[in-house]
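Next up: a single chain in structure tokens, the form predicted alone.
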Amino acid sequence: MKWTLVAFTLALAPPGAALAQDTADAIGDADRGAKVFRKCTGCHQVGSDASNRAGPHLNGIFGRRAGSIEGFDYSKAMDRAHDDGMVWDIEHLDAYIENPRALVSGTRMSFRGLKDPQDRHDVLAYLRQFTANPQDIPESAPTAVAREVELPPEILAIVGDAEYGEYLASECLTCHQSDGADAGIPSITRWHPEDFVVAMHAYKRKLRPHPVMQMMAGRLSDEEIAALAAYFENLE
């Protein structure tokens, strides 16, 4: 009944910040959803200064046509969903975050999904706050989180050599799959370069607790990390 009421409300009422909050409350617990959404912030951002990362920003996601953020390089699978006219309504969003590849076969999104319905409903309630008309809620706080490791600007400014990165990537690809599939090991395909660099330096400084990755990152120079980031950013 709750979901039917929400869909009916979305269909009849004009968009606005108040509707966004009312609808979010009807779906789930937005405050709890903000905490669950932390699992998503490695790839997605919402809020007043949200930008595209490994995944597109999620401002205005409700009612948005799949694969429609201008300038974002979607997978071929998501492009097909766009051409088929798929719209991110509640039902499609719920199905997608439960199991992305069940709804969009071939998507690069390697997240395994949220199996708990309450987690999904709470995340949707949280995202709904950024949807009515994002331009109407500029005061919405961004979800940006502090970096795991603060790096000097000159390290983040290094432009990596993608061809050199391809040469270095052979070791990475013994575990990580180039097509973005996740078979127990997270995908690093299409990562935003800054996110890749920060993660590798976090391993290098042993802030991330994975001994194999700590060892591998510890052998890499700043330039080699940047080269790998450049290679994986555009890997098809």
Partner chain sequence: MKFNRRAFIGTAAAAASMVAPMVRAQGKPRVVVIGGGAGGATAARYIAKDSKGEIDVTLIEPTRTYYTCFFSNLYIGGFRDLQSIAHTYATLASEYGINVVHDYATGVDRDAKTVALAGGGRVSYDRLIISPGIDFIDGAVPGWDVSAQDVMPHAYKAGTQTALLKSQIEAMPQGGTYVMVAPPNPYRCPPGPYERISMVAHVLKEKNPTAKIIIADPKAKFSKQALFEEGWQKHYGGMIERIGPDFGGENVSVRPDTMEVDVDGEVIKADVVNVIPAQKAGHICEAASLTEGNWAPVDGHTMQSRLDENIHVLGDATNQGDMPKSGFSANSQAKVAAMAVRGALTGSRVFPAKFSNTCWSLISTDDGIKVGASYAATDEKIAKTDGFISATGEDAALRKATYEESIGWYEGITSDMFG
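Rigid core: the largest C-alpha set superposing within 1.5 Å between the two forms. Every value quoted in this text rests on a predicted model; they were computed, and no experiment measured them. Positions refer to the first chain, counted from 1.
Keep in mind the form predicted together with its partner chain is missing from the figure; the text below concerns it.
Handout entry: Position in contact with its partner chain when the complex is considered in the predicted bound form, options 91, 150, 116, 163, heavy atoms within 4.5 Å
Key = None of the others qualify; the residue that does is 163.
Exercise for the section: Just give me the single entry in 48, 68, 41, 177 that has a non-hydrogen atom within 4.5 angstroms of its partner chain in the predicted bound form. Expected result: For this set of options, the contacting one is 177.
Exercise for the section: Among 164-172, 51-59, 190-198, 29-37, mark the stretch whose residues have heavy atoms within 4.5 Å of its partner chain in the predicted bound form. Expected result: Heavy atoms within 4.5 Å of its partner chain in the predicted bound form occur in 164-172.
Handout entry: Proximity of residue 222 to its partner chain in the predicted bound form, heavy atoms at 4.5 Å
Key = Result no; residue 222 lies far from its partner chain in the predicted bound form.
Exercise for the section: Would you please decide whether residue 63 lies within 4.5 angstroms of its partner chain in the predicted bound form, comparing each non-hydrogen atom pair? Expected result: Residue-level check for residue 63: no, no contact with its partner chain.
Exercise for the section: Using the partner position in the predicted bound form, report whether residue 205 sits within 4.5 Å of its partner chain, counting heavy atoms only. Expected result: So residue 205 does not count as contacting its partner chain.
Handout entry: residue 73, heavy atom within 4.5 angstroms of its partner chain in the predicted bound form
Key = Taking the distances in the predicted bound form, the answer for residue 73 is no, it never comes within 4.5 Å of its partner chain.
Handout entry: Residues of 60-92 having any heavy atom within 4.5 Å of its partner chain in the predicted bound form, listed in sequence order
Key = Residues within 4.5 Å: 65, 82, 83, 84.
Handout entry: C-alpha of residue 159 off by 2 Å or more between this form and the one not shown on rigid core
Key = Yes, residue 159 moves 2 Å or more.
Exercise for the section: Indicate closer or farther: the Cα atoms of residue 107 and residue 213, in the predicted bound form, relative to the displayed form, with a change of 3 Å or more. Expected result: So the answer is closer.
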